[in-house]
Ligand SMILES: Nc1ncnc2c1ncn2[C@@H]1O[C@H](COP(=O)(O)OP(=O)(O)OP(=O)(O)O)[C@@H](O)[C@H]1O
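Read the single chain below, which is given as structure tokens and is the form predicted alone.
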């Protein structure tokens, strides 16, 4: 498959009072056309920052984002909070049509397109003149998805799109995203901390920790045979609804807290919490190397 999006050695550093905050610190990845790439990790690991870099909202401190020949339009985003991501002073029609207006689409065509988009996401045409506060959280997220689809993008970054929604609504939104992907050939970056949802929706998964990707593989390979100590610990903490299966899981309890991303020392970011850490882990950062076809891992002791 053709890579629709590529990131090469991406870094996003911010100057703060204590030094330099390394939100993303050397990520190389690609996302193939038509696939969903799941990005998972603890809060604060840099997932959302990386998504915004791939969307073009952040200019990398270092590195390059490139798009394949089949890429068209601009990347779009579906944001985490459907309450704060919609302008409360604009009607639904104005919110969805805003990008069309900037694309110089005529008023009559904008009106037709907005009606089509509302139908696509399961809303009614007469919702066009209502304001965001008149809708539930799930409906607001549907409006956000319609806005992202307005200019027919190929690539959409979904930044924790269901975490603020009721559990009963989450499956509806995920099913809709999957239906839209099949209908329009969309490519997703799906950012989440929900391991079960990542497993359900993703084709490939990247596991992120403190600004870098620790492990990456096809979803079935990753969940069947994890290689990195962090991935193993993360997956062992996942919630499993079946109590019998949950009882068989060997929970891995990591010692210590996540280090600060400010002025990180050399070596492996995970070494301060890793049960396998050795002297080499402090001396050099492990490369994200291919351990099996399509399965990469950044650990000196993997394999």
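Positions refer to the first chain, counted from 1. Remember, it's a predicted structure, so these values are computed and weren't measured experimentally.
The protein also exists as the form predicted together with this ligand; that form is not presented, and the subsequent description refers to it.
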{"item": "Close approach of residue 48 to this ligand in the predicted complex, 4.5 Å, heavy atom", "value": "yes"}
{"item": "Exercise: residue 111 in contact with this ligand in the predicted complex, heavy atom 4.5 Å", "value": "no"}
{"item": "Contact test in the predicted complex: residue 42 vs this ligand, heavy atoms, 4.5 Å", "value": "yes"}
{"item": "Close approach of residue 58 to this ligand in the predicted complex, 4.5 Å, heavy atom", "value": "yes"}
{"item": "Heavy atom within 4.5 Å of this ligand in the predicted complex - residue from 130, 232, 199, 193", "value": "193"}
{"item": "All of 14, 21 and 160 within 4.5 Å of this ligand in the predicted complex, heavy atom check", "value": "yes"}
{"item": "In the predicted complex, residues of 170-186 near this ligand [heavy atom within 4.5 Å]", "value": "none"}
